[in-house]
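Here's a solo chain for you in structure tokens, the form predicted alone.
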Amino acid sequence: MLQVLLSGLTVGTIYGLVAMAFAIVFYVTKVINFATGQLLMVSILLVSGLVKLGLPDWLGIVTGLVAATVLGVATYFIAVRPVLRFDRFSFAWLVSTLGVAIVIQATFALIYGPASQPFPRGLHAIPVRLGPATLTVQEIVTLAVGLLAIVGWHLVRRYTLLGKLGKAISTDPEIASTVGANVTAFAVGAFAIGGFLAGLAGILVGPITYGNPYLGDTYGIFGFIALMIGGIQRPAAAMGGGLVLGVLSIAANTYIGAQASDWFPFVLVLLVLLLTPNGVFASGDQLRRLFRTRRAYQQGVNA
């Protein structure tokens, strides 16, 4: 049971990082970047390719993270900004970001071919016993990064302009710009953070899995499912959705069957959308608002 829990949390952290990449972009721009999964794939394949050429692992990792971040920003300028400038209420970004995803995937398939690429095992080759369970140092680092991502976003939301004004910009960018907010800079920042998180997820999952040009589809879909489970309005809740998805998927794979993780996430997200359409953690926020409203009403009656 402990092994299932820890393995599920590790996988769930990867899903959660991708979900946070989706959520932070949505937090500022009200756009879902459907090329996010491909940014994860880019970081994996670049590291694999550069290490194969004999370059140090650290240089490959830095290059992968920078490339994912730059491609995230490029996606905004190529596929999102022109659409929003024409009509900010349009959903054409759905097609344009999917187009970017297809182009990235096709480009890397042309360069690397369809075969899986080995990734440096690094810390994944070092096992650590935790009672009856076993994790690798790589998996422990992954869990720590997930925790840091949540704490980091909390600090960004509370103490930076991106966190404080992001919601206002996404709600009405015209009014935000009239009071001095640089809407483009905020959007670029959100896409850069989203690209970095997706690339980081690739660096963390690379030693555990493999790399090929089509891997982005899988993690993009599972990250989006995690986003729906946790709630699209809060990036930290998106990480929570990833953890829930990871634990339940590994449990289904262990106790139901080896192929359960292929279909179980879709059943899970369907149940979540039927029962709590705004996400599991968003429902908790709604309950707290309801209790606060009821308390305020009672205080008004008593007064």
Partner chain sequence: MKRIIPGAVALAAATALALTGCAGDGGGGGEGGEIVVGGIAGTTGAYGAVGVAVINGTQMAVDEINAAGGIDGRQIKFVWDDDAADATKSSQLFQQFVSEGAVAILGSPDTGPTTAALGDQMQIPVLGAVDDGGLTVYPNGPDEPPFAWTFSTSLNTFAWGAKIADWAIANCPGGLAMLHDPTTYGLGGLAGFQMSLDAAGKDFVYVESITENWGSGATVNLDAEIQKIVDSGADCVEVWLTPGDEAAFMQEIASLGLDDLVVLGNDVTNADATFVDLAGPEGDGMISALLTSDVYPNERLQEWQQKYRDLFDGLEPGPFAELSYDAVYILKQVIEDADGATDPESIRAGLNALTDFDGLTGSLSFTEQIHTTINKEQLTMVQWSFDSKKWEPIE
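What you see is a predicted model; the values in this text were computed from it and never measured. Positions refer to the first chain, counted from 1.
A second form of this protein, the form predicted in complex with the partner chain, is not displayed here; the remarks below concern that form.
Q: With the partner chain left out of view, which of 203, 149, 215, 193 would have a heavy atom within 4.5 Å of it in the predicted complex?
A: By the 4.5 Å criterion, the partner-contacting residue is 215.
Q: Examine residue 208 and determine whether its closest non-hydrogen atom to the partner chain in the predicted complex is within 4.5 angstroms.
A: Output for residue 208 is yes: heavy atoms within 4.5 Å of the partner chain.
Q: So in the predicted complex, is the partner chain close enough to residue 136 to count as touching (4.5 Å, heavy atoms)?
A: Yes.
Q: I'd like to know whether residue 155 contacts the partner chain in the predicted complex, with contact meaning heavy atoms within 4.5 angstroms.
A: So residue 155 does not count as contacting the partner chain.
Q: Heavy atoms within 4.5 Å of the partner chain in the predicted complex: does residue 11 have any?
A: So residue 11 counts as contacting the partner chain.
Q: Can you name the residues of 242 to 274 that have a non-hydrogen atom within 4.5 angstroms of the partner chain in the predicted complex?
A: Stretch hits, in order: 250, 253, 254, 257, 258, 259, 262.
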